[in-house]
Every structure is written in C-alpha cells, then in structure tokens.
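Given next, in structure tokens, is a single chain: the form predicted alone.
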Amino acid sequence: MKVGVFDSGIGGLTVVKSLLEHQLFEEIIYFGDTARVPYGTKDKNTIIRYAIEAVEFFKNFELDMIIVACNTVSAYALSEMQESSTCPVIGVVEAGVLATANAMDNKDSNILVIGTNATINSKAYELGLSEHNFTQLQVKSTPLFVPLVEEEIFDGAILNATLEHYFKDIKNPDALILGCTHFPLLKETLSNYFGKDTKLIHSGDSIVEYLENKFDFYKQYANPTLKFFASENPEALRSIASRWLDV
C-alpha cells in the first residue's frame, strides 16, 4: 500500500505520525505546499486550484490512495480532487465528523470546533455534525495557533495568552475538534486549559479510524518508506519531519 499525504504546509505531519503509529502503509509520500502556505486565508477558487495541482503532482507516483491532511482543502476542494484523481482521495473533515459521532453518545453534547478562518467559514464541520443530529455546536477561528506551532511554541506565556484571547468566554466543551492539523501539537496544553473531561478529536487519529473502518488492511508495515516533498525549501520540511516524527 502506497499513500500520498497532502497538506498546505507542515501541519499534515501530525497525520503522518498517526499513520506511522498504526503501520498502515508500506510507503508514505508527503507533499507540503510550503511556497503558498497558509491556505486558511485564501479564497475557495484558489484553494481548489492549488488542490488540483497537488493531485497532478501525485500522478508521478503509483498511489493506492491520497489523504488530504489539510482541513481547509478537505472542506473546499475534496470533490474536485476526487474528480481529478485516478485513486481514492480521503479528506480529514468527514473523518473528524465520524470520529466525533462515534465518540459522543449524547447528541446534546457541547462540541467546540476550532480551525483556520477558511475552515470555520466553510461550515463543513457544522454541516457534518448536524447530519449526525448534534445540536450544541460552537465554532471558533484560531489562526494564531498555526504560526505558534510552526515556531514550535507548544507551551508558555505566549501560548497561554493566546488561549485566553480565544477561549475566555467559551464554556468548557464536552468535545473539542482540532480542525487543523497543526493543532494536535498543542493537545496537551489545550487539554490542560479545558480540563481532562473535554475529549480531544484530531485529524490523525480520526483518519486512521476512518481508514480502518472503510478499508481492509491485511498487513502492518513496521518500517515504511518515507518521502518528503515541498513546493519550497524541502530541506526545512525534512528537518521538521525528523524532529516531529523522530525519523
């Protein structure tokens, strides 16, 4: 099994980490569009154009599947990518919605979704969760978390001030959907802020759960081949991957 993982930048490495932990694929090819990150501030047509270009890039490889790790692309361009691709294309938004539905028995659970401006404005999570009859939904754009993660600021005064800026008026949720692949790197700090009773849902675990439910994996791959590509400064991406993935 060979999979391509696409993200607007480096955040999708958190999805790669989950794939590695569950040993689902023999080869993982990661492409980060680092020259044009962030996608979360761009308009829909631009996001779709960039996403289709990513599909064209992956046609250089004989892939069994493409995983769209970027929540913004999953929200705006998944169907266009699926039409352009010769292999299945799976997005993290649907996976996150299904993971939440599986984790929360009470449809009156208070669910908070955080993400980039574009992801939140798409209402993709709200629409998906409403189809599963969840009624108590809050959404919050938290774009400042992205540069903090990219600066590898995972705790401390700056992050704490940002948490307070975004969440001071928000009641502790029963579930927190991390609607950006950067955000799992903040999960310990977020969990401490909201309390241990708040269940965190993030794209890496969600996509693994989705894949294992939808596809048959007959073998585990303890030592998969990893290849990292970027539209700009690929060495920086590989350096970050080495630190975040410990590879």
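Residue numbers run from 1 along the displayed sequence. Keep in mind that what you see is a predicted model, and the values were worked out from it rather than measured.
Not on display, but discussed next: the form predicted together with a small molecule.
The small molecule is not drawn, but in the model of the complex it has a heavy atom within 4.5 Å of residue 37. Residue contact with the small molecule in the model of the complex: residue 180 places a heavy atom within 4.5 Å of it. Among residues of the shown chain, residue 119 is one whose heavy atoms approach the small molecule to within 4.5 Å in the model of the complex. The closest non-hydrogen atom of residue 129 lies beyond 4.5 Å of the small molecule in the model of the complex. Segments offered: 189 to 197, 218 to 226, 37 to 45, 58 to 66. Contacting the small molecule in the model of the complex at heavy atom distances within 4.5 Å is 37 to 45. For the options 99, 146, 124, 89, the residue carrying a heavy atom within 4.5 angstroms of the small molecule in the model of the complex is 146.
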